[in-house]
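Next comes just one chain, in structure tokens: the form predicted alone.
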């Protein structure tokens, strides 16, 4: 609870600092607030699970809260020279991102479906505004409208599912729902469609196929920094909420909902990877890449084991920090060239070897090459499914991973083996910090995954 209170107070302080035109104080205030929240996360670690009404602070919630806070902190460091060029009222960017983060902490800590809905909507409403915050940019306005319409549509599915489950069990509490499934031989017929509707609603939120169609347009149209936030921290929180609901409350009905989940996984992997092959825009490629990674993350629910939470944590960390590197470099390149096509990365290794090396490591991690965190993440997901010898599914996923090699290596080839503009690409100090920290985490997790492998 202290984490949410700290983040919320920081959001209000930053907003008031913006009203008094204290622009230089916005980032320091935000960083101090997030570091304080991170301190509360560490201080509560390995304590007894604490209930706050509809929320529970346990190691699961704290681990995912930590990743969300660290990811958001790195994204805030990318704001150097980013918002100032686009808007005079930059406090609203900071405040909305912090409110979205507060909603995400609720999403990973809930023990009641009402709190899941509240956290999800606090996050979503903030993101609707952030996606369209550039009022004069048609692409940003379009992204906001599409995100709002699809988000409202998916919320309808989610609410209808919650309603049916409440009608069957008489409770929103996850423990009581699980007890109902364990203690009743004859489950109410309305419970089953409720589970499917909630699966559809959450699949919309995390961008899993066939409910992914909003993702590429919204990611492309939104400001790049907001896209970074949406495709990393937001996705991590969404999967933590997905996992807590289905691996906890709905676990006794696993045999019922695993079949539609496998269909979603296969479609997500295939559509995400194959469509990414045909993209000429780096940002749009990352959008379809995020869809394919949603498929790998859903592997954790196909076979429920005691390590499912840890597997998602490792994969989410690997994906988050590699994607932050990719988007940070994209922002630098686009600011210099005005383009986010693959051609704008030509010859980047000659212009800025450090940036090119960081992006290379990120692409290798997203592709799942050994000695990177991405490889460990994929290995754990495949190993989890192989405990029940689902060989065909793993073989299908590996084939899709091989497809991903092409579009990730396409960026590497452009940077190191193609000639581009000779103009030098400078790297601000805060960007260097973000890139080096993210690269260090990616490599350390790839070599020593045990650091976070048994946290939950």
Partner chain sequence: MEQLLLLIFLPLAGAIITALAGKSAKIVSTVFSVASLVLALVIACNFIPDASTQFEVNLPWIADLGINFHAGIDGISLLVVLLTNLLVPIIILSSYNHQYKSPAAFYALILFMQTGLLLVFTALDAFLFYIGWEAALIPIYFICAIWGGKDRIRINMKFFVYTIAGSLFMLMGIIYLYLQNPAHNFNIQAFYALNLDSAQQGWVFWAFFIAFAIKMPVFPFHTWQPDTYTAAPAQGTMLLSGIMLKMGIYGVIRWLLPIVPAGVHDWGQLAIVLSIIGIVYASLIAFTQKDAKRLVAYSSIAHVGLISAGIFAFNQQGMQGAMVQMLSHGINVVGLFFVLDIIFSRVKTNKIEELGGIAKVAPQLSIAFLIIVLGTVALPGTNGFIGEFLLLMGVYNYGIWAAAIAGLTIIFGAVYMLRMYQNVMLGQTNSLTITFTDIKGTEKLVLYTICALIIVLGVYPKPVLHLTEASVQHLLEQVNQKLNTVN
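Nothing here was measured: the structure is a model prediction, and the numbers come from that model. Numbering follows the first chain given and starts at 1.
One more form of this protein should be noted, the form predicted in complex with its partner chain, which is absent from this view; the next part is about it.
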If we take heavy atoms and a 4.5 Å cut-off, which stretch out of 63-71, 424-432, 30-38, 396-404 is in contact with its partner chain in the model of the complex? 396-404
Residue-level question: is residue 360 within 4.5 Å of its partner chain in the model of the complex, judged on heavy atoms? yes
Report whether the minimum heavy atom distance between residue 386 and its partner chain in the model of the complex is within 4.5 Å. yes
Taking any heavy atom pair closer than or equal to 4.5 Å as contact, tell me whether residue 20 reaches its partner chain in the model of the complex. no
Considering non-hydrogen atoms and a 4.5 Å limit, does its partner chain approach residue 369 in the model of the complex? yes
Is its partner chain in the model of the complex near all of 382, 412 and 418, within 4.5 Å of a heavy atom of each? yes
Can you list, in sequence order, the residues from 1-36 that come within 4.5 Å of its partner chain in the model of the complex, counting heavy atoms only? none
